[in-house]
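Consider the single chain below, provided in structure tokens and representing the form predicted on its own.
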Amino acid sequence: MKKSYAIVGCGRVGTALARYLAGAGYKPAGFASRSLSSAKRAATAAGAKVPVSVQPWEVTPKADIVLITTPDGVIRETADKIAEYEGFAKGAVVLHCSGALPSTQLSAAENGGAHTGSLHPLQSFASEDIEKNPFAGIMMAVEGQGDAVKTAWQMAENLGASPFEIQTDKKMLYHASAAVASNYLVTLMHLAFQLIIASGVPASKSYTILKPLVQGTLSNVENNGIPRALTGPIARGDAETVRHHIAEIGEAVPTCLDLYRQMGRHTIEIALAKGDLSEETAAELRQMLGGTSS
């Protein structure tokens, strides 16, 4: 029989967990949130008549697993307050769902005899629609103490996700990687859109035109890895084309030039690792792109 769980912080992630943990056979024990209506919504999503409250320690004492899904800035404060009211059962597993913060934020729960860890769904939760399982097929990062990691790993699998473990003291680097892969990809696509629009392509068609190229590149990374996935003028040492890029961008879209140069400098190192770029051409490209790549 699967364990019981309580959720503290019933926003998008908390409400989705409420529903799909119940669907996976876990037993709801209670839900708490700053807004009582949010706690009630989570209980409804779980299909359970269980205690709901704005005071977390009123719903957590009987739970085998306590999930703290509050905003990052109040995770430690929330854990401290629940511990102050003896709201964690001895031997309970306490997990938070922050991508950036380590499980050490839950030290008060650990001091009270709980096992602590974190379970982070590597996915954006932009919508409140939970009719489709948002955990199915995604990756979920786990870290923390042994029993907590074991429990979090099993929960991730039961939710339909693929868990992987990271080091507690390297949690922020993991989060930085996710920010680059998600947030900075948006920034990179914005750069590509600005350049193709400057070439005369209607803005409404920019995504449709570039999408197959982006998907093909991601496929190459998946199948061939980096640096073998790298193509283009820097990879083949075509300094003249890069020179023309710089000139045209500087004239037509000067606000894009600095980012183009920075990306180019880092690309030189990948091209060198691929083995098709000579050191002589790399030096020429570095000078052209405005500095030495770090």
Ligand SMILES: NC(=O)c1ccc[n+]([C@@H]2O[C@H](COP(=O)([O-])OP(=O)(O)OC[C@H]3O[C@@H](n4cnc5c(N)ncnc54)[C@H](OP(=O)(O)O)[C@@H]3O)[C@@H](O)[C@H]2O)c1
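Since the model is a prediction, treat every value here as computed from it, not as a measurement. Just count from 1 along the sequence shown to find any residue number.
There is also a form predicted in complex with this ligand; it is not shown, and the following applies to it.
- When you look in the model of the complex, the only residue of Val74, Met189, Met139, Ala198 with a non-hydrogen atom within 4.5 Å of this ligand is Val74.
- For the options Arg265, Lys27, Arg236, Arg34, the one in contact with this ligand in the model of the complex, meaning a heavy atom within 4.5 Å, is Arg34.
- For the three marked residues, Val13, Ser38 and Gln123, a heavy atom of each sits within 4.5 Å of this ligand in the model of the complex.
- Partner contact region in the model of the complex: 95 to 103, out of 179 to 187, 148 to 156, 95 to 103, 205 to 213, criterion any non-hydrogen atom within 4.5 Å of this ligand.
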